[in-house]
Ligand SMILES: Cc1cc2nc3c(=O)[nH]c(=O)nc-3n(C[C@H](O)[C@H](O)[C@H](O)COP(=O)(O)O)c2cc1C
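The chain that follows stands alone, in the form predicted alone, written as C-alpha cells.
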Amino acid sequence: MLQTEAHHEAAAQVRISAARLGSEQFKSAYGIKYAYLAGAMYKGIASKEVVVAMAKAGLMGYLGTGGLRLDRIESDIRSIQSQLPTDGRYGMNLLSDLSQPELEQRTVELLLRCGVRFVEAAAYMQVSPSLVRYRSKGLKRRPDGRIEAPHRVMAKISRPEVATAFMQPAPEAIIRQLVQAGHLSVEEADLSRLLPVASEICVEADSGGHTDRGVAHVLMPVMLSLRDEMMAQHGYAETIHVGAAGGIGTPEAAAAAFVMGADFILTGSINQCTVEAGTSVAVKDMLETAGPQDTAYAPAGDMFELGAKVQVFKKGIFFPARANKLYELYSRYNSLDEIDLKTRRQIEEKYFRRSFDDIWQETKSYYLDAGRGKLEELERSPKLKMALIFRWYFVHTTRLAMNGDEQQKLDYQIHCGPALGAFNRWVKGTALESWRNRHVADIAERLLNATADRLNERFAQLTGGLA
C-alpha cells in the first residue's frame, strides 16, 4: 500500500515540458533547445529567412536548395552566415538527382567550402560518392579515442531498404574511389568505415511534395527496430537518431510521434504558410484556407517518365487534373503526332497557352545551354521529345505559383500535405488564423508546448487523474 501511494505521489509530480520531448543526445549534438527541425522545401520556399529565424530562436531549419542555381545557394549561405554567430545552427538541403551527379558534386564542394555542418539528404534511393565525401570530410580521432565528425547528415527516408543503406558505413568501393580521387585522406577513409553514412534518419510519412504515401504508425516502429539492429551489428559509439516527418501539424500528431519513440520531429507544409516562407502572397492566401482534404496526387515533374507522385494543393486549382492528364497521354502515346487534334489544341490553348513548337524551342535552348544533352539525342526519340515538352509544364506551373501570377492561378503547382489543413483547423479563431501572424519559430514554440500539454492530459487520464 505504501509503495502504491509513493508511486502515485511520484507520478503526480511528473510534468512533461517542451524541452523534455525527444532525445537529449540529439538536441546536444545539434545545439538546439527543442527536438524540432524545420525541413527544406524546394526552390527556396524554406528560405534563408526561415533558417535565420529558427536559428535565432535556438532552433534549426534547412534551406531549400532544390532547383536553385549554385550562385543563388552560395549567396543565401553567405547571407545566413552574416546574420548568425559562428556557432549559429543552420542546415542545407542536398537533393539527389541521378541524372546530374556532377551537380551534386559541385553542390557538396560548395557546402564544404562554406563550412556548412548540417545537411538534409532528400530523394536518395542509394548512397552516393558525393554524399559520402561530405559526411567523411574532416573526420579525425580525438585524444580520448572518440571520432570527431564535423558534418552531420540527416537522411529523409520512407523505405526500410534505403534506410538500411544509410545506417551502415559507406560502401567500400565508394571509399576507395574517393581516396583515389584525392577527395578523402587515408585517415578520413579509415574512420568513415566506423560510422553510418547518416547520423540521423528522418522517417518521412505521407507529406507534401515527393511522397511514397507511407503511414507513420507503420513506418516508425519498423525504422526504430532497424536502427537498433544496425547499432548492434556495427557497434557504433553514437546512437543513430530517428525522427518523424509528414503529417505533423497539430499537437496530437506531434505527441503521437514522440510516443512512438521519435528522437525529434520535422515540420514542412505548415511552414510554407508563414511570413518567412519564400513563396508568393497569393499562394499563402490560398493555403491559409486549406482543409485536411484539400490535397491531391499529381505526377512529379522531375521524375515524370517514372510515374512518381507528388502531393499538391488542389482547392480551386486545375493543376492536379491537368498534370495527370499529361501523364495519361504520355503513357498512351509514343509521340505528339499520335495525339488527336482536339486534345492537342486543348493542351496548347488551355494548359500551356503556347504551342508545342514554341515550348520545344525553349526546351532545346535550355538543355543545350545547361550542357545536359546533345541536340541530336533530344530529337532522336519522339517519346523523349513529348516527355520534355510535358515536363516544361511542371517547371512553368511552379514558377507561376512562386511569382504569384494572378492571371494563371488555376495552374499553380503548390506542394502541400494535409498537415497544413489540420494546422489551420487547430489555430482557427486565434491570431494565427492569418498567415500574416505566423512565424516559423513561434509555431515551433507553440506546437511543442501544446504537445507537452496534450501528453500531460493523456497521462493524467491513463493514470486515473494522478498526474
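Numbers follow the displayed sequence, beginning with 1. Since we're looking at a predicted model, the values are computed, not measured.
Another form, the form predicted in complex with the ligand, is not on view; read the next lines as being about it.
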Which of 118-126, 350-358, 336-344, 173-181 lines the interface with the ligand in the model of the complex (heavy atom within 4.5 Å): 118-126
Distance check, D206 to the ligand in the model of the complex, heavy atom within 4.5 Å: yes
Residue contact check: L388 to the ligand in the model of the complex, 4.5 Å heavy atom: no
The ligand contact at G61 in the model of the complex, heavy atom, 4.5 Å: no
L266, heavy atom within 4.5 angstroms of the ligand in the model of the complex: yes
Proximity to the ligand in the model of the complex, single hit among A40, A35, A401, V440 (heavy atom within 4.5 Å): A40
Answer option from S136, S199, T397, Q272, heavy atom within 4.5 Å of the ligand in the model of the complex: Q272
Within 4.5 Å of the ligand in the model of the complex: residues from 221-250 (heavy atom criterion): A245, G246, G247, I248
